[in-house]
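Just one chain is shown here, as structure tokens, and it is the form predicted alone.
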């Protein structure tokens, strides 16, 4: 039942990173740290288990992490639980929402839920046990496969670690309900990993480690793009009309844009190379603040600028006139563990269809193809590099790798005070934070502040890239896992 994925590979080895003056120091430090543990782990496999192989930050991080850990001499593998029972993913989405304090999808977690939860995980255990040895180490990601680690720990004595990527920095009845429900499944786990100390429930406090998510700077999503390659990606994916011959062929799977009547078209020209672009790339999730961002942009477009300098007034008016909002996310049918995607999209589409036609031309709702991880990553990379401002208007955010990616690309980021985002962005230094992501007036005000101050955007982008280098590159994350493995063995 469980999917054992092929051994992850990465485009570049650690040797390649080490030859780059930017990465040579962190790679050397990482290798030195790993020396003491590689021999001790010989014969053991470290298994990463989650609920989807594509879509979302976990699936984004694991391939590079697993490949580079193997390159370091520590055997890592990746397994994904499977289920055809849609009610299972609806239930685990409810847990996800409750942990974030969101009660819109329901607040009750009862015995029937527990039976479904355990049954799906038990179905995955039988095939997985054949791959495991008692001395292996299991790192289970997020709530969906949580009972699997409990079962394997009991039946095989395997060391199980739970890695939680979500959380809320406030204790509410909704979060307490979720953590009470999960506690029995966590009792068998030897250790837990969280992205922020604020997320740790009391009963995990004495067996927890903080490891921040991280990006691979040379992955397809984060690598530098020459002008030729960037424009080639835009044309190959359907985001830009091709005016000149291009060496590379069109992608097999092209970008689609939602129209006001609900149909999909290849956009061909979103003005990414020419217009001021405000971009948000995320899952179609209510907690990502899509609707209030759209309302904020509408307010921005209708605002008037006041200045004593006539030339400045004209430039600001022209910039505002040309500004375009792009809301981009995955094909919702391609993300198996997020059943709410279509409902969220319907809400966005209804508001989009109701816009004045002139305003509607300045908003694009874009679906990113998911069938090719490489093509998807290159498309996101190109779009982020074309943006003037990258937004992450999350009501709650466990961490927010889209923020990390934007900062690495020296982009000004408009984020919120959600815990995962404010841990990355220092307000006014690496980006700008919104105190209320559901307040369109504040969003409009801060978008205007960034849009009309190119020097400020540049400085924030420069500071943001340095912050990612210091704290959120993959070498730092690997070091955290090595420290944990040393404790476990």
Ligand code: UDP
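Numbering follows the first chain given and starts at 1. Note that the coordinates shown come from a computational prediction; the quantities given were computed from them, not determined experimentally.
One more form of this protein exists, namely the form predicted in complex with uridine-5'-diphosphate (UDP); it is left out here, but the text below deals with it.
S.K.: Which one, 340-348, 235-243, 366-374, 120-128, holds residues whose non-hydrogen atoms are within 4.5 Å of uridine-5'-diphosphate (UDP) in the predicted bound form?
M.R.: Careful reading of the contacts points to 366-374.
S.K.: Answer with one of 231, 150, 219, 282: the residue that has a non-hydrogen atom within 4.5 Å of uridine-5'-diphosphate (UDP) in the predicted bound form.
M.R.: By the 4.5 Å heavy-atom cutoff, the listed residue in contact is 282.
S.K.: Only one of 63, 448, 56, 440 comes within 4.5 Å of uridine-5'-diphosphate (UDP) in the predicted bound form by heavy atoms, so just point that one out.
M.R.: Exactly one residue meets the criterion: 56.
S.K.: Decide whether residue 380 counts as a contact residue for uridine-5'-diphosphate (UDP) in the predicted bound form under a heavy atom distance cut-off of 4.5 Å.
M.R.: Yes, residue 380 is a contact residue.
S.K.: Might residue 92 be said to contact uridine-5'-diphosphate (UDP) in the predicted bound form, defining contact as any heavy atom within 4.5 Å?
M.R.: No - in the predicted bound form, heavy atoms of residue 92 and uridine-5'-diphosphate (UDP) never come within 4.5 Å of each other.
S.K.: Against uridine-5'-diphosphate (UDP) in the predicted bound form, would residue 393 count as a contact residue? Criterion: heavy atoms within 4.5 Å.
M.R.: No, residue 393 is distant from the partner.
S.K.: Quick one: does residue 195 come within 4.5 Å of uridine-5'-diphosphate (UDP) in the predicted bound form, counting heavy atoms only?
M.R.: The answer is no: residue 195 has no heavy atom within 4.5 Å of uridine-5'-diphosphate (UDP).
S.K.: For the stretch 390-423, I need every residue with any heavy atom inside 4.5 Å of uridine-5'-diphosphate (UDP) in the predicted bound form, listed N to C.
M.R.: 397, 400, 401, 402, 405 sit within 4.5 Å of the partner.
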